[in-house]
Every structure is written in structure tokens, then in C-alpha cells.
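Single chain ahead, written as C-alpha cells, the form predicted alone.
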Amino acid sequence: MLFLIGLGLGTKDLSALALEEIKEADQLLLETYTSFIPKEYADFIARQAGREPKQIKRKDLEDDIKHTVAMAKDKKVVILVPGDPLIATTHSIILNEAKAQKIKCEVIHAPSVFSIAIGESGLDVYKFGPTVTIPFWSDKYKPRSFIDSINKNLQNGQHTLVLLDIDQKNSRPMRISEAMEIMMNAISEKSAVSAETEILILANLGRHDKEIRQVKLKDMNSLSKVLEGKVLSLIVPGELSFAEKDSLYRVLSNP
């Protein structure tokens, strides 16, 4: 049997049912390419399971998906996924392959950045447009499609949840200074996004030390030291209703 288990955003997000299946798994796999897993969370999982989970990469769930799923034909295989397995990470391909191989698959859900970031911001979930991810740039790879999507959302009065890429080679999430630099370089004179655009920065959501700040795009770098080492996501607010303005004021003035 195959289990897809969401890890949520912190160690306390794991349900009693999830912990039970983790401990009983014959094969314990940890997916690390769609989101950053802090070391303390990986260590927590190892302690609970009594062994280190095997880390799997993108190719294991794409190129080698048939082999990965086939392991569950005569074993209990647990695949651990950051956040919720079927939100943002979109691991429906695993469910489809399991059905094709006639292997029973169960999903144990958990909180995701989508529900927590939007909820904590105080903004109306129904006013969010498509979510975007800011990818790392290189000399030969500088996509700007994410800024086009933010522009469209702003033109429609919609908010945008912005996820930050992961540096797979060095196993770290994008820093706030890197996100600012890429966004500043991606905007153009015709962009609805500008250096003066207000950005919500959400740090360590789902934890006791969570914090939400609002700053202009051009000033994001001023928070680099304060936010260093924290798991971040951004929101570019669109048009705010009176209720949203009140909620955002409450969120930002929280001690």
C-alpha cells in the first residue's frame, strides 16, 4: 500500500494518524525538491520513525515514477511531502500511477502555504489570482513570466501569492535579497509592478516565531538580516476592500 503524507509547515502539523503510518512504513521516502525542509524537521521525522528517511528527487517522481510506485505492491511505502501532498506540489501523478498499477493509495493531508499564507494575511481568499513562483536566474535562464502574471492580477484588482524557488544544489530557499533583485530586474516601464509596489513578506508561517511585514519592493533588502534563515513567501496585494484594510492593519500591528 502507498501513503502520501503531508508534513505541513512544522513538526506539530503531523497528525497522530500520520505519525502512526510513518512508524509502520516498510519504505520511508522524503520528497525534498518542491519545498525546503528545515534540518530540525528532517531530524524530527528520523527520531519518530527510528531511521533516516530516504530522500527522493524529481526524477524519482517523474522519470522513475513507475518504479517508485511499484515498491508499494508488497510493502507499505510512505512518501512524505512538504505542506499538503495535493496542494501546490500537485502529486496527483502518483495517485494516477498507483491506480494504473492497481495499488491502493491513501492521502493524509496537512496545512499548506496556500491556506496559511492567505489566512494569516487577512486578505480575502476569493480575491487571489494565479499563484506564481520566482525562479532563480542564471546567465542563460532569466524567465519573466512570473512578473507578467502578477501584472495581470494587479490589473484585475487581484492579490498574488508569490512562492520562492529552492536552490537544490545548496539545499536552501531563495533569500529575500535575491527575490528583490530578480523582481526589480524583471519589471519594465509597462509593468503594474514597480519599485514602489507594497509587498507582504510572510516568514516562518505555522510556527510560534511567525512574522508578517509590509515593505516597498525597493526596500525589501533592508530586511535581509532580520529574515535570514527563515522560510519565506510573499503576497503582492491588489485592490483592498474596507474589511481587508482593517484585517491587514490588525495583522501588521500585531506585537
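In this text, the rigid core denotes the largest set of C-alpha atoms whose superposition between the two forms falls within 1.5 Å. Values in this document were obtained by computation on a predicted structure and should not be read as measured data. One-based numbering along the sequence shown.
A second form of this protein, the form predicted together with another copy of the chain, is not displayed here; the remarks below concern that form.
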query: Contact check for Pro143, Asn204 and Leu240 against another copy of the chain in the predicted complex, heavy atom at 4.5 Å; finding: no
query: Close approach of Lys76 to another copy of the chain in the predicted complex, 4.5 Å, heavy atom; finding: no
query: Pro173 within 4.5 Å of another copy of the chain in the predicted complex, heavy atoms; finding: no
query: Distance check, Gln158 to another copy of the chain in the predicted complex, heavy atom within 4.5 Å; finding: yes
query: 4.5 angstroms heavy atom contact with another copy of the chain in the predicted complex for Glu20; finding: yes
query: Stretch in contact, per heavy atom within 4.5 angstroms of another copy of the chain in the predicted complex, of 68 to 76, 135 to 143, 113 to 121, 177 to 185; finding: 113 to 121
query: Contact set, 198 to 212 vs another copy of the chain in the predicted complex - heavy atom within 4.5 angstroms; finding: His208
query: Core-aligned C-alpha movement of Glu178 between the shown form and the other one, 2 Å or more; finding: no
query: Lys245 C-alpha moves between the shown form and the other one by 2 Å or more, core aligned; finding: no
query: Threshold 2 Å Cα movement between the shown form and the other one at Val231, rigid core reference; finding: no
